[in-house]
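Have a look below at one chain only, the form predicted alone, in structure tokens format.
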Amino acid sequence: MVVIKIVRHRWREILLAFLALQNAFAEMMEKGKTKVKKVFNLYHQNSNDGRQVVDGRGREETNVIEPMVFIDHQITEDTALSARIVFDAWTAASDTKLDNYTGASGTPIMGQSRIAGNFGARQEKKVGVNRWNYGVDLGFSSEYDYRSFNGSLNASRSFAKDNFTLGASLQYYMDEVDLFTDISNPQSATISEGLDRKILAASLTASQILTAKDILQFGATFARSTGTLESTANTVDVAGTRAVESLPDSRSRYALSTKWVHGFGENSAVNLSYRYYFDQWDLSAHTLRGAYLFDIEEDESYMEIFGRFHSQGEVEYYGDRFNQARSFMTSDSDMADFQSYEGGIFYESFMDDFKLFGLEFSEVTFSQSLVLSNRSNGMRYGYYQAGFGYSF
């Protein structure tokens, strides 16, 4: 079955993803086996049209270096543990400008970093010819102006000899943000620390194997954020004077998605997906993605070529500038009206055994990907990813 063959080999970590449950019933490994994947991401973005940047010049340049480690360990035949460790280091022009403008720390922020981790457990139970799959995850993230503790529960159930799968996920985030609350006087800017932000998200997914070459998936997600929803680095222009961003203390988000995977012959497949998003702040968005995957070198490697189109309207509180102060104001370019075009390529190769510096590895994978994107509101970004995975 070409669809299953290609999908089960794919192991990628998307840099930015909306809250969703990926419901694929990953195969359990042999008892005592460990799988490791090391990933390195390099991200760059640039724009001269960011209306939220404090000096009014619009520069949104950001460079991010991100190493990641994924670990899966099979402790029994039906129970597995997992861990993910992430370290980010970045420089952002908007952060540096804000710090220089306010003089709040005495020295400019030339770079920031973040460390994050997730630890989880998964158990599978056979029910005749079908399966139950349960999972729990706990995570944390810490950076200069943001801290997060989060947890999730998920469950999946297969039916009709694993041809149909239904899943649900619940996630909760307890976050804290440090926020500039007054930048009217550059010499005495104030920062409030430890402001609360809570996020509750729930999702439902369903997948159906239609034929030996076709899979259809559906998903629905709801997320509600409460508390301090402003961003530390975002400001607005009010009649020529810079002020901090101001947003409501709650936001409900909704997303509906569908995906179709179709196999051609024995060695290639195409997938097409669509997502419709809308929220409480009157932002709505449509996202289309298409990808073509094909095996090369007789199943020893495969390649994916993909494209993505995204179109959204602006939130009701957005403005490039404001003539007078309002209760809620933002100039965040992510909340503006824009269209974006993204294209990329992903390559992964497989080896049964591999020796490096005298060490032997099994089920080795090497991967590389490159993504480039352009927005109609001036934002350009791209990222490169390299991965190395193995089992022992």
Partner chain sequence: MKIVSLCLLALTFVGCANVEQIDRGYLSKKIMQLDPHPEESAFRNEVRSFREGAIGGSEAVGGGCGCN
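Because the structure is a prediction, the values reported are computed rather than measured. Positions refer to the first chain, counted from 1.
One more form of this protein exists, namely the form predicted in complex with its partner chain; it is left out here, but the text below deals with it.
Val236 falls outside the set of residues with a heavy atom inside 4.5 Å of its partner chain in the model of the complex. Looking at Glu124, you'd find every heavy atom of it more than 4.5 angstroms from its partner chain in the model of the complex. Contact check for Glu193: no non-hydrogen atom falls within 4.5 Å of its partner chain in the model of the complex. Using a 4.5 angstroms threshold between heavy atoms, Gln45 counts as touching its partner chain in the model of the complex. The chain is drawn here without its partner chain; in the model of the complex, the stretch among 236 to 244, 173 to 181, 318 to 326, 74 to 82 whose residues come within 4.5 Å of it by any heavy atom is 173 to 181.
For the three residues Glu143, Glu266 and Val371, a heavy atom within 4.5 Å of its partner chain turns up in the model of the complex in every case. Annotation for 357 to 383: interface residues with its partner chain in the model of the complex are Ser367, Ser369, Val371, Arg375, Met379, Tyr381, Tyr383 [heavy atom within 4.5 Å].
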